[in-house]
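Just one chain is shown here, as structure tokens, and it is the form predicted on its own.
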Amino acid sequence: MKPDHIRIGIAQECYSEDIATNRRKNIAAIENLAAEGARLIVLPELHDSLYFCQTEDVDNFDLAVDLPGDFTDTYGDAAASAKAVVVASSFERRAPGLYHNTAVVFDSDGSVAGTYRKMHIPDDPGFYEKFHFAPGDLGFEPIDTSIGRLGVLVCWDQWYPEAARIMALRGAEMLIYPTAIGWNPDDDRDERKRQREAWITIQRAHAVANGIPVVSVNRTGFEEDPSGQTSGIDFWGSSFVAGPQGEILLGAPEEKFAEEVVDVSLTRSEEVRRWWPFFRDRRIDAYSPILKRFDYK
């Protein structure tokens, strides 16, 4: 029988260029959070390295990993040891010249429960992901685990209500977003505040609109731009867990390391959806314009 509550652990970490060190840090975080009772543990986006997408450098492809391979062995063993479901993030080498930003979900026995390839790929100064990643081709499919059905998405996906909605329509019981997002150090304080609050607001809205919890886990720390063309990125941390009405259940600090746990109800979504029956009142007969790139007349 599925429990009424689950303890979720978030690992808001900063990383270095040393992959072995980063993996040890992530495994230690999994162990620490499991020791606090976490049965679902979420790591940030691309957690085995620095955020390499600040530059368009072909040498970055040397960081990619085969799936399955050493990556799945390492984190699968960690999940099995912790007896927890772990959401990890990889730079997948699918074939020569073909790479994806891929989340891998490990069940509590260490097996791979499923994968998700990031669908929305940004291309902005400091975030040159289109150079590195092909768009995902697995669709918006929830992943079944021993603790429930997880709607795993990645970072830039979090700005798209369509992605969250499809996951919810396909039975996701919560939305999970491994993330790498931060400020340009040249931005003033007001601009930083606007960006961070928009990021939190849009994801809380996904929780409200779909009546399910949202887990968003960001990396933290400053990372230099190796090319020197920008001032680098201050990853703003601020990882959080929201309930099905958008209520903040856990909020990690800005720009600081954090490993924290929170208990989340697995039954509250049923109550909230009865009070706010958004799915009942959807006008699916009138939504065809959503399938167009733009529909101004």
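Everything quoted here is computed from the prediction, not taken from an experiment. The first residue of the shown sequence is 1; numbering continues from there.
Keep in mind that the form predicted together with another copy of the chain is not shown, yet the notes after this line are about it.
Trainee: Given that the partner is absent here, state which listed stretch (219 to 227, 101 to 109, 72 to 80, 167 to 175) has heavy atoms within 4.5 Å of another copy of the chain in the model of the complex.
Mentor: Within 4.5 Å of the partner lies stretch 167 to 175.
Trainee: Please determine whether residue 84 contacts another copy of the chain in the model of the complex, using a 4.5 Å cut-off between heavy atoms.
Mentor: Residue-level check for residue 84: no, no contact with another copy of the chain.
Trainee: Find out whether any non-hydrogen atom of residue 288 is located within 4.5 angstroms of another copy of the chain in the model of the complex, and reply yes or no.
Mentor: Yes - in the model of the complex, heavy atoms of residue 288 and another copy of the chain come within 4.5 Å of each other.
Trainee: Do residue 159 and another copy of the chain come within 4.5 Å of each other in the model of the complex, heavy atoms counted?
Mentor: Yes, contact at 4.5 Å.
Trainee: Is there a heavy atom of residue 214 no more than 4.5 Å from a heavy atom of another copy of the chain in the model of the complex?
Mentor: Result no; residue 214 lies far from another copy of the chain in the model of the complex.
Trainee: Give, in sequence order, every residue of 248 to 264 that has a heavy atom within 4.5 Å of another copy of the chain in the model of the complex, or say none if there are no such residues.
Mentor: None of them.
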